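Okay, here we've got a single chain as structure tokens, the form predicted alone, with questions on binding and movement later.
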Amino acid sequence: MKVVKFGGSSLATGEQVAKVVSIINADAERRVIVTSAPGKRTPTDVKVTDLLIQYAQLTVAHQATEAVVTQILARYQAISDHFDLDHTVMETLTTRLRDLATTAFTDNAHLLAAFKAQGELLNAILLTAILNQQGVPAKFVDPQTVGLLVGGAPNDASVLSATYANLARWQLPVDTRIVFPGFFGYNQAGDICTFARGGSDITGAILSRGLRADLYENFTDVDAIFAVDNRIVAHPTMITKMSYREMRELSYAGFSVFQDEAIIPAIQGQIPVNVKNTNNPTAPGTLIVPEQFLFNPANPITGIACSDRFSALYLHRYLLNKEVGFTLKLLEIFQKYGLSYEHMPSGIDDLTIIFDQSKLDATTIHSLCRDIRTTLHPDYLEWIDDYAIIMVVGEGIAHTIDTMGKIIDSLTQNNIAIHMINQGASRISIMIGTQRKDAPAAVRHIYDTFFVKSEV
């Protein structure tokens, strides 16, 4: 049995949904279908989820909502018209959407979550009707029906372990496709709570684990995961197979196919994940597997990713390594401000702490640096905003001895300064810190060293 998730671009228009129907119909093992909300039809288009957020904000502000409701319904109406569905389907969607404005919610955060979730929910109802009309028996299933329980904040939920026990007890109908809305679950009080953006990927991974799927197919709009961002390197090598932990390392550093935590449930359930293209479904895509010893002896590198969303705090103090409790005091300051750090490479007298810049503001940075100076008395302290991180990832790194040297040579020979370099404990990733302006060139030079030159 396969769980299949379709992204927003795959469900944005009637033409795209027709491709989805063909993909579902082509394989009887594709029994559980997870929907996203309709995505962008053109680069300048607006996603349905963003329209739903507008609807929620207008409702909270007691302002007129008719224009945005009409815009949302038009997206679903266009898909319905493509298949010439019975008018009762759109009547159901219209009633559900309009009723939101008069529904009582615990607070505005729960209201926002409920409104956002409608994109996936309405699309699941619509796709169910389309499949049945096309001769593919299908049934819409709400997450509450199977006991998909979540905890955490209303708009940043996390799955509860009870979900997997509930799914294990639930019996899939025979000879019927299940259409399941992604992106949300229900808390113990019965309120809708959404995952972070990319949450339909999370739903697919949860169902794959809970229903013990043989494969989780994630359909998007690319043929495969590339070894490097194709905006940096034209026509890069496609990755045919990679390990879970390679995917995690690369997602964290900027790979955009998945949110970095999206497939954790599949990892925990040891379910293979196949990334495929709705527009080219016969292409093999990229297979992400639990095997931890996948590597190509001819090329230890699987992929290279970079991100400029980081900042760094550099501390220098003589005999730092001999001062007991220095790092503890530093962490207590971070705790005071509710901050987590990303990495902390260190030397004998030096320490660099790397932060996700999106979690900081100027006021917090100023206060943080003041408290560190007052408490720890460093000889030198510098806050560095001009910081990018490059991750070079591959299971084969642990099996080769010259990878680090080749990376350093590829950068120094091209006059790119390395601000930090660190190999992870797993030995499958090497992290390099550079100036932001140097990051794209650094990625290209590393790629040329391991992929272009290796092919010559």
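What you are looking at is a predicted structure, and each value in this text was computed from that prediction instead of being measured. Numbering starts at 1 and follows the sequence shown.
Below, we turn to the form predicted together with a small molecule, even though it does not appear here.
Residue contact with the small molecule in the predicted bound form: residue 390 places no heavy atom within 4.5 Å of it. Contact check for residue 49: a heavy atom falls within 4.5 Å of the small molecule in the predicted bound form.
Among residues of the shown chain, residue 198 is one whose heavy atoms approach the small molecule to within 4.5 Å in the predicted bound form.
A residue is said to contact a partner when one of its heavy atoms sits within 4.5 Å of a partner heavy atom; residue 183 meets this definition for the small molecule in the predicted bound form. Proximity to the small molecule in the predicted bound form, taken as heavy atoms within 4.5 Å, picks out 41-49 from the listed stretches 392-400, 59-67, 41-49, 24-32.
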